[in-house]
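Consider the single chain below, provided in structure tokens and representing the form predicted on its own.
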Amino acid sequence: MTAATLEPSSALDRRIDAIARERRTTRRSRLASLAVALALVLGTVYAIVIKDTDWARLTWQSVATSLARFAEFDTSALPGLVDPAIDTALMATLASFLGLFLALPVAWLGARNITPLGRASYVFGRGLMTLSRSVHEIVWALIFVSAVGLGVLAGILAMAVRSVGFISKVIAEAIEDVQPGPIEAIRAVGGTKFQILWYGIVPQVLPVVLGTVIFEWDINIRRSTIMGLVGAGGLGLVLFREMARSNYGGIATVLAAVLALIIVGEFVSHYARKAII
């Protein structure tokens, strides 16, 4: 066998050895990363759960006693929950529509392929999305309560502003992923920018818009139940009052009403998605 015949075999062996070493290195890196992540998780659990928990109070008897308090439903509070439950549902509905109305121009600014002023408006639109999502709805509620006073309006505005970030981000990304064919066809026949937007982009992203709004309404049902904790009306306000009175039965009754409202919202959003999308 000549040296010319052995050379390709030797090169192949070196290549196989290099691949094997690379795989071993990758495996070690993954194991090291997993070990570091596990150590961080265990350290966090120890610092904020094990170390800071009063384990002397945590007994089966204390847990059973607390659960027994909540098991005594205050049925006398049920008639007073009808109007707050309606307020909660209406808050979620109005906040979702207002959030969509505010999210459309933000999505227009934050979609790279249609943003009007190039990078400047794109960065501005993306910044608005990030700001909306970064601030919790409770914080927004505190801001609007101080601005417009206690009541349902503050809760609606808080949830609407909180919804802008999610709705506009999903719509903007859907706009960036549209098929270019219809847009190029409209542009080729001399269509204006508005015609391109209305006839080329809107039909493609409309199912995404409808699905996102329905999903956000489902989320706002949950959000609206806690808006009352900062005086923004609805079932949350009733819950806060029962908590201030230490009425455990009343708290359990309000929580049951919240759960029932969320279940109804799940059914409504499910069938709405099937009917519209």
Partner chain sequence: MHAKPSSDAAVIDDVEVTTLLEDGERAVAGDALAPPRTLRWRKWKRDLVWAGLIGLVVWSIDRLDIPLDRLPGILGRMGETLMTRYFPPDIARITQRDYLGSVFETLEMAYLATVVGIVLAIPLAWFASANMSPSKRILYPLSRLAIMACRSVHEMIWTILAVSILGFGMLPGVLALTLFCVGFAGKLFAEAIEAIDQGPVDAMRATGANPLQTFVYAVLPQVRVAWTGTSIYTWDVVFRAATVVGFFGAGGMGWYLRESMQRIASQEVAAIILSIIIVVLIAELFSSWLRGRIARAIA
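Here, rigid core means the biggest group of C-alpha atoms that superpose within 1.5 Å across both forms. Numbering follows the first chain given and starts at 1. Not measured: the values here are computed from a predicted model.
There is another form of this protein, the form predicted in complex with its partner chain, and it is not shown here; the text below is about that form.
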*Could you check which residue among 76, 179, 134, 192 gets a heavy atom within 4.5 Å of its partner chain in the predicted bound form?*
134
*Would residue 241 count as touching its partner chain in the predicted bound form under a 4.5 Å heavy atom rule?*
no
*Just to confirm, residue 164 within 4.5 Å of its partner chain in the predicted bound form by heavy atoms?*
no
_With the partner left out here, check for me: in the predicted bound form, does some heavy atom of residue 124 sit within 4.5 Å of its partner chain?_
no
_Although the partner isn't part of this model, could you tell me whether residue 80 comes within 4.5 Å of its partner chain in the predicted bound form, counting any heavy atom of the residue?_
no
*If contact means any heavy atom within 4.5 Å, which of 111 to 119, 184 to 192, 135 to 143, 171 to 179 contacts its partner chain in the predicted bound form?*
135 to 143
*Of 47 to 71, which residues get within 4.5 Å of its partner chain in the predicted bound form if you count heavy atoms?*
47, 48, 49, 52, 53, 55, 58, 63, 66, 67, 69, 70
_Does residue 222 shift between this form and the one not shown by 2 angstroms or more at the C-alpha, the core having been superposed?_
no
